[in-house]
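Let's start with one chain on its own, the form predicted on its own, as structure tokens.
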Amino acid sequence: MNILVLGSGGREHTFAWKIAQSNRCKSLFVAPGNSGTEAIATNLNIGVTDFEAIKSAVLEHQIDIVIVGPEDPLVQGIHDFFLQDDAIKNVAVIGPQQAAAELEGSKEFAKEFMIRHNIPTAAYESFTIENVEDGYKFLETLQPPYVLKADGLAAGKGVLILNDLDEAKAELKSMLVDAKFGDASTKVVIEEFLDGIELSCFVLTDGKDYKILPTAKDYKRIGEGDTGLNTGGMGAVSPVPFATKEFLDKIENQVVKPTVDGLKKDNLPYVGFIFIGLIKVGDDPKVIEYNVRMGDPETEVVLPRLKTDLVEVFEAMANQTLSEVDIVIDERAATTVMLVSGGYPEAYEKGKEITGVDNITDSIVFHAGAISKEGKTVTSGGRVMAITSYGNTYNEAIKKSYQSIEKLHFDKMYYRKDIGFDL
């Protein structure tokens, strides 16, 4: 079959890498793709939210399945766009319909969903510019640190965790009154801080049944020791060492089952990935957030551990036969370290030549913010490449990634040297 992956990051290169291994894939396209996908698929110069151009490509290349990588097209309703158009309504789309994508599109929607279905999460309230004073009062009732979340999509950067009450009030004003995150922060969710260690759970669902993929833990802060600004993710580890079988059973029974059942009860059509951001508080899981797609860089450690043919999995999801598929997982650990442009997540330069990729033999290099230009691979984004390795333990895997990184170079390259430090 002919397959189209939408997106241009490390997540999408990982999807393409895994799909290309399947003998069920005849032709593979990625839109817009990057220098990594270019080597194993045909890149199409189409934006992920240009639905009409995507439709034209789907018809031209006789695409059978579309895998939606990032959240924007899902929140904007790409799945609904396909269903409403007779020419493409029979093309399978992996990603939820717009109503269900609100789980990521609106923090308030997600919180209300969790409360309604008794899914454990932090206490919260929502505020707009009209009741910003009430927001200040609510902050005064909480113990520090204070958690402020822009309600809408802010590219993973719309969450602030602050220790000082006055600073929290100032930031609330900045988000609501000064539109710090644009339209994403016209509404802000303030919630109680949960103290614990975070991890991510990934679920596949066909709308009826579900399968749970390996857990992963990512590292969001730019600085070592989890300091500094939030990024899209600086590295990841899978499986999560502290996630015992007992704890995983709690995640399934207290979070995954009620989530999938809740989607059915609320009539939210969902065929795709559910990313559940969790925190282990004591011995119990609580949900921090939902994403309606795979995480990045978690994809770069979760999919390499999947032994099952990914195309068969996607077909089963589209046909609502997921319960018949066996998900087989590699017992080895996988880790990834993200190489980023100097200055990221703030201002950074692009167009830096990347050298040494061909010298790496013990790791898998997933391209993210990298493109081909005049025969060279150059940087095109903040997060440039993810270096993924296997090992019998996560320590062994992480060591391999760091050894491989020594063979790579681009000007002002930065990476965290402590991925897995807290495990």
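Because the structure is a prediction, the values reported are computed rather than measured. From 1 onward, residues are counted along the sequence shown.
One more form of this protein exists, namely the form predicted together with a small molecule; it is left out here, but the text below deals with it.
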{"query": "One stretch from 74-82, 188-196, 345-353, 257-265 that, in the model of the complex, holds residues within 4.5 Å of the small molecule by heavy atom", "finding": "188-196"}
{"query": "Partner proximity in the model of the complex: Arg332 to the small molecule, non-hydrogen atom cutoff 4.5 Å", "finding": "no"}
{"query": "Close approach of Val328 to the small molecule in the model of the complex, 4.5 Å, heavy atom", "finding": "no"}
{"query": "Contact test in the model of the complex: Glu289 vs the small molecule, heavy atoms, 4.5 Å", "finding": "yes"}
{"query": "4.5 Å heavy atom contact, Lys169 to the small molecule in the model of the complex", "finding": "no"}
{"query": "Check all three, Ala122, Lys149 and Ile279, heavy atom within 4.5 Å of the small molecule in the model of the complex", "finding": "yes"}
{"query": "Heavy atom within 4.5 Å of the small molecule in the model of the complex - the one residue of Arg305, His117, Lys211, Lys220 that qualifies", "finding": "Lys220"}
{"query": "Leu229, Ile161, Val177, Leu165 - the one with a heavy atom within 4.5 Å of the small molecule in the model of the complex", "finding": "Ile161"}
